[in-house]
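Here's a solo chain for you in structure tokens, the form predicted alone.
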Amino acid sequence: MTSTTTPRPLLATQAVTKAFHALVAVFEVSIEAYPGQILGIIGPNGAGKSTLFNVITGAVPLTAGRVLLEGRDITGLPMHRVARLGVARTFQNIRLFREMSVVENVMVGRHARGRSGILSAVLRLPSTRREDSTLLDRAMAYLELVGLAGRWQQPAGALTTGQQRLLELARALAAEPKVLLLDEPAAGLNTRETETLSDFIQCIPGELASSVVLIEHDMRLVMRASHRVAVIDRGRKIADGPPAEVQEDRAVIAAYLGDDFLARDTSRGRRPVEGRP
């Protein structure tokens, strides 16, 4: 007789709530991200998705609930400690050091794993310079992965929006995270760039990070890349499951298309939730 063991989530939130005075942005949201998988998180604008990322990474304190990394309670830890434990993220609004070169931006990400901190990297302190020869090689390897190695000397601000998105991704990966949180990585990208990004994201679990949690409005990207999808609406999780199952969930359809659509949804059958912000 063989026994099966349910794998432990790499990252989990347990009934996480975040309130800003009277406004409850996230209410008792529980999600689980497993090794080797991509968890997509979708929901209308203002649903609380980015707030959830901010709570996980320690950018804002939660009101209630817990955040676990490999079973360890990391609730309330400051951002730098969460990052050192293996959680990296990109942002909805691109946050690069625009005057620094492309490769220097990635090296800042590598310093999260080195002995010198990010501030030392920006200020170019002596301890940081001693690490630079090794970090440069590693940074160039990540630029090669995202196709920006040929632009390594250019200022980050000179890149196109699509290239800056890829640079942010390379910088986050350079920290060698266990969990990579991607906040709308396809924002501002054209169709071809989005397809390339989708292909790359699918290669990340098991190769460059153990797990990916993806917030995205591009439904085609989410449904193509994700193993599971969680849906948040008005701060609450309303669905969680395989992409095909989530697309057919009546609560999800209502959140994206409205109750009027459900009233008309009879003999014609349901259509997938695609391309709706």
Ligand SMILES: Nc1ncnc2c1ncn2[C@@H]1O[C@H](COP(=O)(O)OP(=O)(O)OP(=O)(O)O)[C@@H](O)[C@H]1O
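In this text, all values refer to a predicted model and were calculated from it rather than measured experimentally. We number the residues from 1 along the sequence you see.
The discussion below concerns the form predicted together with the ligand, not included here.
Here the chain is shown alone; which of V229, L214, A47, A225 has a heavy atom within 4.5 Å of the ligand in the predicted bound form? Of the listed residues, the single hit is A47.
Could you tell me which one of Q37, T51, Q247, T57 places a heavy atom within 4.5 Å of the ligand in the predicted bound form? The option sitting close enough to the partner is T51.
Contact label in the predicted bound form: T160 to the ligand, heavy atom within 4.5 Å: Contact check for T160: no, nothing within 4.5 Å of the ligand in the predicted bound form.
So, A12 and the ligand: in the predicted bound form, are they within 4.5 Å at any heavy atom pair? Answer no; every heavy atom of A12 is more than 4.5 Å from the ligand in the predicted bound form.
Consider A22 of the chain shown here, and say whether it contacts the ligand in the predicted bound form, taking contact as heavy atoms within 4.5 Å. Judged by the heavy-atom cut-off of 4.5 Å, A22 is well away from the ligand in the predicted bound form.
Examine E104 and determine whether its closest non-hydrogen atom to the ligand in the predicted bound form is within 4.5 angstroms. No.
Tell me which stretch of 204 to 212, 62 to 70, 39 to 47, 238 to 246 has a heavy atom within 4.5 angstroms of the ligand in the predicted bound form. Going by heavy atoms within 4.5 Å, the stretch is 39 to 47.
Could you list which residues of 90 to 108 come within 4.5 Å of the ligand in the predicted bound form, counting heavy atoms only? Contacts from 90 to 108: just Q92.
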